Every structure is written in structure tokens, then in C-alpha cells.
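Presented as C-alpha cells, the chain that follows is alone, the form predicted on its own.
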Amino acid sequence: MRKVIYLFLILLFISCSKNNREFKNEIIYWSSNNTEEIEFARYIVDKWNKENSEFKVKFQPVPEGQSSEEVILAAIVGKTTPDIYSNMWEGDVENYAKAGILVALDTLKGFMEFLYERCDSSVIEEVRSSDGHIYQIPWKINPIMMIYNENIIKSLSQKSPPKTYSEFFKAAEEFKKDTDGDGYIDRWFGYTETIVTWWQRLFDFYPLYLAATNGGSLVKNNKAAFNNQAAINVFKFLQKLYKNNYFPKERLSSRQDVFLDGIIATRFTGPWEISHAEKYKPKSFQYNFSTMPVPDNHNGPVYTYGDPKNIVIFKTCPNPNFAWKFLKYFLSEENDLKFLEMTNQLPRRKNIDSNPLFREFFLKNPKMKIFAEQAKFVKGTDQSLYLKEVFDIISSEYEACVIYGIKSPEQAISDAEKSVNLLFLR
């Protein structure tokens, strides 16, 4: 009931702040409400409006709410969607496409040529809807990798960040400690949130699953595709981390930064950690990034979750061709570089690590170069109507198996598969 009331209040707010156009030929664009992205959006829109007279772009950040997804949903219900939205979670698009509220971008002149120039064919297939059309433009990613404390890692016998499950266990056993002698471990090798909320699994189970499967799927042909040895091994790996006190079950997020304080030695995170660490790290603190841990017999590159956010055009847009013209400008190489410089987020553009235009930025920001190199081996989400429910189910089994150990990994994955398959029988 509280959620319904909350959505009603958002709907009321959105309805009261309708996207009134000041000019007949005006495109309305919403960005995320991240401070750096707002500055970038304002920069790009001002530049466009000064250089172009055919039509103008009106910009505003997505209105504040508990989550931008709920605000967008309320805007759809209230028919107050912007023309362009640039912070769409890839996993939401299939639902909106099926509801018929997004423009099929591949019907716009020159779109596919533009997309093939910007993205690898694997990325294009990743965002292709089940009806064959494309409703989203891959825009930005924040690959999930393992940050590690260099001083701690050098003090361990391995001397280098652990790459495999066995190396991870060995380093974790060596590092964990009861520092005050009260009988309880209070220094752990890593940390990830134990709460059941579905999207938390995007930052532990899912990148580990992608790493173990070379970018495998959770859902294929409207069926669960994750009841395999890789998923079972990921649950076994995570379960052992908690069982052996390598990761704490208590929540540490309310404390000061436990990574910068040396209470934990690693964390699964994205490039946003760089600006935070540079701002708050203690003197002589050294850190770096490595790939996600993989099974001992893993071969090939190590994939991870790319945390993609993409751009869509809503069907309420009075002139999609104007919107598309602005987006081609918005997504130019030069503007992608500006986006990278202003936000420290990676444009989802092929060969970004070797493109000469970006070279100087990566020379000045070598830790971002690590993420640019990882960008060749990232995956977003499967195109599925029930993706949040799928993650919700996996998260419930994660809690039972990984955190509390009341189910075996084999049973938990099998039960998750059965529940996911029931979703598609609705």
C-alpha cells in the first residue's frame, strides 16, 4: 500500500510539472540527476542551442524520487514523458518496448549505420528486442571490477591480486584477523552487501557469473539458462566467503569507508571509486583494480557486468527525427570524450582504449584505462520481460544459500530455475 501511495505522489508531482514546450520546434531531454551528468547535459544542450536554429533542446534532470525508474514509470502513466531520456537501465527497455511507448530507433534514417560505427555487433545483438527492433542506444558503462589495497596485497605471500577462486581463498585466509582479541573476526578480505534487494546481485553474483561463463545468459528463449556448473560454483565461492569469515555478514555500509580504512582489502566496484578514493584516501594509501575472480580452470578473457545505461526516445515525442538529429550530435566522438572528462564514466564505444582521440585522457588517468580495456569484455542484461523478478528470485536463493547456508548451491540454483520458469508461464 505504501508503494502505491508513493507512486501516486510521484504521479501527482510529474503531472503538475508537465513538459510544457516553450517553442513549437522544441525537444525535451531528461538526464540522470547525477551532478556530473547534469553539468555535461547542460554543456551539450547549451552548445547545441547556440549552434542550431532549426529546433531547440530543453533540458532538465529526471525529477527527484525514490528511484529514477519509478519516476519514469509515473511519467509514462501520466503521459508526461520527455522526448529523450539518457539514463535508462538496459533491463527495463524490453518492458517499455512491449508496452509500445518507445520509438523503434532502427526505423530512423541512418540509425543502423550509426550504431554499427559506434558499437560491436555483439553489443547490438545484446540490445536487440525480442521483436527484432532496437529501442535503445548503448551510451555509457561502468564495468564492475575488483578494487584492491596494493599495500595489503604486497604484504601477503601471493604478492599479486588473486585472479582465481583458490587464490582468493588463500589470500582471504591469510588476511582475516581478530585484531582486538575478543574472539570475533573484525578484519575481512572483502565485502558485499547481504541485503536481498534484487539489484545488489548486479554487483556480486551477476558479474561473477558473467566472468565464469564468458558472458553467459541468465534467460534464453523465455527460460532460465543459469542452472549450470558455473552458477553453482559462483554460489559455492560466495558461500565459502561467508562461512569462513572471509566476508562479514554484518552490514558495514554505515561505517566510514572500510576499504580506505584497511578493514577490508578488496571490493567489487566500478570506476566511480577512483574519484572517491583520490579525494579521501589516507597518505601513502595505494590501490588498483583487477578482474573479477574466476574458477581455477577458467580460460579466455574475464567478462563482467558493464552496468549500462542507454538512451531512448519516447513515442510521445512530436518529432523523432529532430530527436535523432540531436542524439547524433550528442554521441559524437568529441562529445563522448567530453563526457568521459566531465563524469569519469565510459562511453560505450568500440575500441575506446585504442582510439587516438581518447589517448591523452587515459595517459593522464591510467586507472580509467584499466576500465577502458575491460570494456571489450562486458555484458549488460538479457532482453527479458521479467528481468527484475529473475534477479529477485536469484537474490532470495542467494540469501538462503550464500548468507545463511540453509540450502546447498545445487538446490538453490535448481529452485531458482524452477521459479524463473514459472514466471514465463503466466
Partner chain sequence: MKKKFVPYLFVAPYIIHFLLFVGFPVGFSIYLTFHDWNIISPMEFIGLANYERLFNDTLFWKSLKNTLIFLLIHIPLQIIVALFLAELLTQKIKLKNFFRASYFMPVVVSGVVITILWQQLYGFESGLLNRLLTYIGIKKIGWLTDPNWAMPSIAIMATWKNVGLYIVLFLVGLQTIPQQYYEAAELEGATHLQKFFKITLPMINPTIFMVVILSTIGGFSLFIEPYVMTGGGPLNSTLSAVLYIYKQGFFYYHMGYAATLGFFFAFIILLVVFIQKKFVEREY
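Not measured: the values here are computed from a predicted model. Residue numbers count along the first chain shown, from 1.
Here the subject shifts to the form predicted together with its partner chain, a form of this protein not shown in this document.
Its partner chain is not drawn, but in the model of the complex it has no heavy atom within 4.5 Å of residue 36. Using a 4.5 Å cutoff between non-hydrogen atoms, residue 96 counts as a contact of its partner chain in the model of the complex. Among heavy atoms of residue 388, some come within 4.5 Å of its partner chain in the model of the complex. When its partner chain is considered in the model of the complex, residue 250 lines it closely, a heavy atom lying within 4.5 Å. Comparing 264-272, 159-167, 136-144, 179-187 against its partner chain in the model of the complex, the single stretch with non-hydrogen atoms within 4.5 angstroms of it is 179-187. Put simply, of 328, 154, 255, 276 only one has a heavy atom within 4.5 Å of its partner chain in the model of the complex, and it is 255. The single contact residue among 196, 230, 119, 202, judged by any heavy atom lying within 4.5 Å of its partner chain in the model of the complex, is 196. For the three residues 73, 76 and 400, a heavy atom within 4.5 Å of its partner chain turns up in the model of the complex in every case.
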